[in-house]
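Two forms, one protein chain; structure tokens for each follow separately as structure 1 and structure 2.
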Structure 1
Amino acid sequence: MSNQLTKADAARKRNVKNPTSLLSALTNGGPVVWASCLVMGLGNMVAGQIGKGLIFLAIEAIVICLLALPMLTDLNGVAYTGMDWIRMLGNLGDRPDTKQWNEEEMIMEQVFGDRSHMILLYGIIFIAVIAVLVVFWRASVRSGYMALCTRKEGKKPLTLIQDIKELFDSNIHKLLMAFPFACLVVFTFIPLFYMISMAFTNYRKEAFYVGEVLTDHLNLFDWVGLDNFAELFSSGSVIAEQFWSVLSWTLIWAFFATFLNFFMGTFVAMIINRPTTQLKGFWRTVLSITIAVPQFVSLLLIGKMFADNGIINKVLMDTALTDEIVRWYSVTTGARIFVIVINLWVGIPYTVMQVTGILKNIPADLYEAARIDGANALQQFRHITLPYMIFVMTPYIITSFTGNINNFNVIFLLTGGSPNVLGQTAGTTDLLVTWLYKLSVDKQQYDIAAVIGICTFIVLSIVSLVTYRSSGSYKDEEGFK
């Protein structure tokens, strides 16, 4: 007879009551648990957990007050309830700014209309409040059901004091993760959804008339669905041409900036760590000092040095090496090579510091055995050093690649995206992140900037996940052999 479960056995196994399951609680809980779906904490109070039940009830009352009572105000000082802000998400407002005559003051007063960005932000915030309520509602129903089951078995459920003690013992992970998760919701999830939502609107500096009133989409904007994505990816679109050009350069930049830094940094670290190298401490100190200098200061200084009237051009002309000013950022290929080389100068010290510690941990007997077998220095590097380095540093390399895709400082402070192309918002050295900055801050095209932000996130996610899951660090977590 086969040891495998039959379909009937598997079905019976799935139907076994599980007190920790929400579905089991709703199916088998009875009237008290069902009532606790409306009155949070009721199941706990009936089971004798009065304090815990009152906490759940208080959370429900607070959320209901936030949603039902006028809280946040618009620019005119009119307060709206949380549900009002959620309801206004449907059209993001439709009242433009107007002026009206004040009979008492005998002046024309400014009457502010709707602000779509406020409606969008507050609406998302109150949706997050509802999501938090759902989390606590689920916990309340499950907790009440488990307490009633414990009471039915003739046992006494945990008191509030005992629950608090559990938070410092077996449930300490919940206590430790509560504050970080709250910060994640407030400072990551809500801004992220706010930015993503902008991609489906026409939030940009574009004037239009509402009746006889001139307004613009910075105050009032509408949902436009996938129109911005269609504009970004449609053939013949100016934005689309710029996007593919900037995306390809961003990936090329990230590849060279990451792997040249890795290999050059490894090469320098190996030279310093050679037994015959003198003054090892001195060279490491020099590299450490370069790291201590803020990166933006170094980049600004280099940018000034290579400017048209900078010291480099002055030296070249004074020494008669050139008769005219060298415009380092005027040619696309030259400017791109320039930023890659400067990034090497900035980034190699970091890589050397990372690699030095790893090189010291490679077992010396591996090199001894290789030398006995007749392996030269290049073969030792290829078969011992490099595989070990890649195995250990794969997460660091992926992080560096991600950081270089978003490396705003090097490009913006050195070239500013130059050389610029007439009629285009993106220069030929602009990365996605610097182009996004120009679109949002300079051109105020927040909708397209949001779409580019989403595309950048997708590119980073795919490249990072595929690379990491294909690496030895992920496949062989036991260690390097």
Structure 2
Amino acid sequence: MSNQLTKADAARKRNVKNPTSLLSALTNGGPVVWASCLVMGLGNMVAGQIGKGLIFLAIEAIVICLLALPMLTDLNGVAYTGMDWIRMLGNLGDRPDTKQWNEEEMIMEQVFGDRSHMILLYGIIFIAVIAVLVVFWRASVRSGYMALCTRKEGKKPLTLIQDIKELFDSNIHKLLMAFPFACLVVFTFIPLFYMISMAFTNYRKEAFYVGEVLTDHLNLFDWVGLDNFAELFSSGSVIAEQFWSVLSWTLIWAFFATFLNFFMGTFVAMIINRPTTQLKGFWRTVLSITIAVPQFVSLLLIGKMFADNGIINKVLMDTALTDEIVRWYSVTTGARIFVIVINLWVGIPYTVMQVTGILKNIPADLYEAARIDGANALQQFRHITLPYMIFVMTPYIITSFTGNINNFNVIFLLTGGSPNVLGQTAGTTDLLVTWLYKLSVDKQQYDIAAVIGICTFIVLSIVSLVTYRSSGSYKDEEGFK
């Protein structure tokens, strides 16, 4: 039965695939198809699919209106067309704010100049609009050609009603994916491209003098090509120095945070799982409370508990363990150890949860065989438990490594990146992500922030690609089955 079905599927696929590519439509299609390149939906209308053709035509009309009619306004209330905004992308605007004498009201009036970040954003929005047009254009040419072909074979192409019905059957993926994907394009892709393009500008709040006037690049900025990347990688610049120290600390942090969590979590899970350990469920519940309570609550609280006037110091003083208050995160090394230790508190419960399930899945006969061969507990752990766990847990370790590189909450809520270094924007416990946050939200150095975002992305992709490809679970999926 299923064989028949797959055959039918394959036949349908062949049918659909061959004649409908854009290229074959353009080469084999007659003048009507060529005309439908200009007037979208013409092919469908000629073939009798009036409704579908009109929808395509309407889409074309709407998009052309969006691009050609004055739509979005600048700060003075003057509307520009979409094409104007795209054209302005070339130099990102060059008119500074000025003052103008208003004759009617007899006052000096503020006339706003260009705002480069608006031009950049609107330009990208309209480029996205053009991209949408291209997608629909391609679909319309192909669908027109297909409808004409069907007509030529003497059959009747689908009516609009039938098309809509197909949307609930063979084309259901178009229906279901439309909204999520549209949201993704508008609220993920456009911001992402916007931010990436900032990496190639000099959009930052860094004051400099033009003659006598103090100014900055917050209103007007320009394309600078790869200058920001050059600044980041040139030796000697302040940014470069910070970048390398933050990057190395990020990697050290991710390494310790991941592996200490993994080994200590495994240890705790194993001692809970010992056959003679009592109250197994209780110990696990206690640990999982940490996961259940929102992180911002527990981390904020712990940050305050370890503050100079916090409860930990109070208890230490009361029990006379120390004479003076311990400043847990005033020195770089201390602060770094502190965040790693607190991260253990956050992370071990997750590992225990993961590992407990896996430990139960290890085939018991492996241990039995080992015992018969006279292996002791340590040897069993070394040769059975550990390899098995590493095999199963590699994807988890990789995701937690990348997760730790991006671990914003722990650093931001505990130390906020402090201790700070004089004259630098990054504190010594800042990770790339928290530094990025500081640069874009607090310091308004959007260009450098964007460059750092791109670098973080590159680091993450390298780490996950390399480790994943060299891991056992990728090379040999059936290894332990």
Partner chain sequence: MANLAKTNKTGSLKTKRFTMDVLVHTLLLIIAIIWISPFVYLLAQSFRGGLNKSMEYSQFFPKIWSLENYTRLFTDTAVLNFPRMFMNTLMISCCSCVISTFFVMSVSYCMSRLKWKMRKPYMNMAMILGLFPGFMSMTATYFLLKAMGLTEGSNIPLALIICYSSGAGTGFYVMKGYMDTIPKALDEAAYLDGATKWQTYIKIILPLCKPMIVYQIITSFMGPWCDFIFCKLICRTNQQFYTVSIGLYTMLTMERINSWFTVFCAGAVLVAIPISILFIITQRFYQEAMSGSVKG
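All of these numbers come straight from a predicted model, not from anything done at the bench. For residue numbers, the reference is structure 1: its sequence is counted from 1. Heads up, when I say rigid core I mean the largest set of C-alphas that superpose within 1.5 Å between the two forms.
- Of the two forms shown, structure 1 is the one predicted alone.
- Annotation: Cα of residue 288 displaced by at least 2 Å between structure 1 and structure 2, core superposition.
- Superposition on the rigid core between structure 1 and structure 2 places the CA atom of residue 85 less than 2 Å from its counterpart.
- Shown in the overlay between structure 1 and structure 2, fitted on the rigid core, is a CA shift at residue 274 of 2 Å or greater.
- Aligning the rigid core between structure 1 and structure 2 leaves the CA of residue 365 offset by 6.1 Å.
- Lined up on the core, residue 260 has its CA atom moved by 3.3 Å between structure 1 and structure 2.
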